[in-house]
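Take a look at this single chain in C-alpha cells; it is the form predicted alone.
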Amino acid sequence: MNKKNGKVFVWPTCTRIIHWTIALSFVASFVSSLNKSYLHYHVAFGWIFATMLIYRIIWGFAGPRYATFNTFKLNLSDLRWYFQEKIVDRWRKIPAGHNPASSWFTLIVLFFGSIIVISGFLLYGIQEGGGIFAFLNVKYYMHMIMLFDIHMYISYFLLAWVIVHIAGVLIEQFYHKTNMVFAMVTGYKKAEGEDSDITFLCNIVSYIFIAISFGSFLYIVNTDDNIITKPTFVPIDYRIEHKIYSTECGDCHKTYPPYMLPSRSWDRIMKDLDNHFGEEITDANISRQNRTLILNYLSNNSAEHSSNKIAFKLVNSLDNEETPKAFTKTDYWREAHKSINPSVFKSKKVGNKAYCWSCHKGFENGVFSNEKISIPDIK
C-alpha cells in the first residue's frame, strides 16, 4: 500500500512524531534552562523528553520493523566500514533501517538522555524541594551541587552528539543526495527493502504516549500546585512563627528569612545593634530579653540548619571564619546576580540591592522560587 519506486516506507507517522518530539523537547529543555525564571517550563519540557524516552525504549523491543534494537548495526567493524564507505563511495546504497552511526546515536540518546532525566528530577526534588522527589530534600540536600554538575555536563555532552548527528544528516542530504532530511518527514527512504508495517495496537500505544506527554506539559505549565512541580518549601508567616522577630524587626524593615545568613552572622548583627546599618538600636527599641529570643530564633533557623538551596550554597561559599553582616556582601550573592545590570539595583523600582522582595515574589514568606523571579524593566 505504501510502496513507491526506489523508496522504502521506514518510519510510520507515530514514530516520526515521537522522533521530533524527543528532539524538540530536548532542545526546548536546554534553552529554557538558560533562564532561571523558566524553570517551570524546563521541568515541563523535561517531562515530555522523559515520557518519549520511555516510549522509545519500549519501542526498541515491541515496535515495528526497523525500530527494534535487534535490527541495529552495533558491530564496530561495521561502524568503521560505514565511515570508510562514505569517503570512497559518494553514491553508495544506504540501508532501509538504522545505519551503524544512527544505531549507536540512538543508544547514546537513550542512555545519556535517561541520565539527564533521572538526575534532573532528582535535582529538582533535592535542590528546589519540589516535585515527586521533594521528600529527598532534607536528607540529601548536600548532594545538590554534584547532581547539578552531572545534569549539566551530561546535557552538554548529549548536545554535542546532537550537533554531530545533525551534521551527519546534512552530509547525507546534500553530499550523498540520499534525501535523508525528508525521510523523517515523509517516512520514506531512498533505499531497498521491505516496507515497515505497524499494528493497530502499536499505533494506539504510541498515540497514548504522545497524548500523555503533551497533556502533562499543559498540566504542568498551567498549574503551580501539581504533583510534578509542587514545592515542599511552604510560605512562612513570620508573624505566626515568631511574633517577636516579626514585630520588633519587621516594624523597621522586611523580615529576612533566617536561613539567609549563618548563625555567627546573626550573632554579630544582634550584638552590634548600636550600629545597625547606620542606625542605633537601644534597649528602648528592643529589650534585652527580646534580643535574646530573636537571636535564638535566628540561630536555630540559620543557614547551617536549613535544607534550602540558598542556605546550602551560601554556607559552601563562605570561609569558616567569614561573618558577613548582609547577604548581599557574600560571594554567593555576587555570583548569583552577576548577569544583572547594576543599574537595576539603583532604579526606583528596586531601590537597593538589599531589597530582595523587589524581584523575588514570595520573599517575605521565606520563599525563593525561580519561577517567581521578576526583574523590573527599568527602560
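Start at 1 with the first residue shown and count on from there. Source: prediction; values computed, not measured.
What follows is about the form predicted together with heme C (HEC), which we do not show.
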For heme C (HEC) in the predicted complex, the stretch among 23 to 31, 61 to 69, 41 to 49, 347 to 355 with residues bearing a heavy atom within 4.5 Å is 347 to 355
Note: exactly one of Leu122, Ala183, Ala303, Ile286 sits with a heavy atom within 4.5 Å of heme C (HEC) in the predicted complex, namely Ile286
Note: exactly one of Phe277, Phe135, Tyr153, Tyr175 sits with a heavy atom within 4.5 Å of heme C (HEC) in the predicted complex, namely Phe277
With a cut-off of 4.5 Å between heavy atoms, is Cys359 one of the residues that contacts heme C (HEC) in the predicted complex? yes
4.5 Å heavy atom contact, Arg239 and heme C (HEC) in the predicted complex: no
>> Taking any heavy atom pair closer than or equal to 4.5 Å as contact, tell me whether His253 reaches heme C (HEC) in the predicted complex.
In response: yes
Would Ser317 sit within 4.5 Å of heme C (HEC) in the predicted complex, counting heavy atoms only? no
Quiz item: Would heme C (HEC) be touched by all three of Ile18, Val109 and Met146 in the predicted complex, meaning a heavy atom each within 4.5 Å?
Solution: no
Within 265 to 291, the residues having any heavy atom within 4.5 Å of heme C (HEC) in the predicted complex are Trp266, Ile269, Met270, Leu273, His276, Phe277, Glu279, Ile281, Ile286
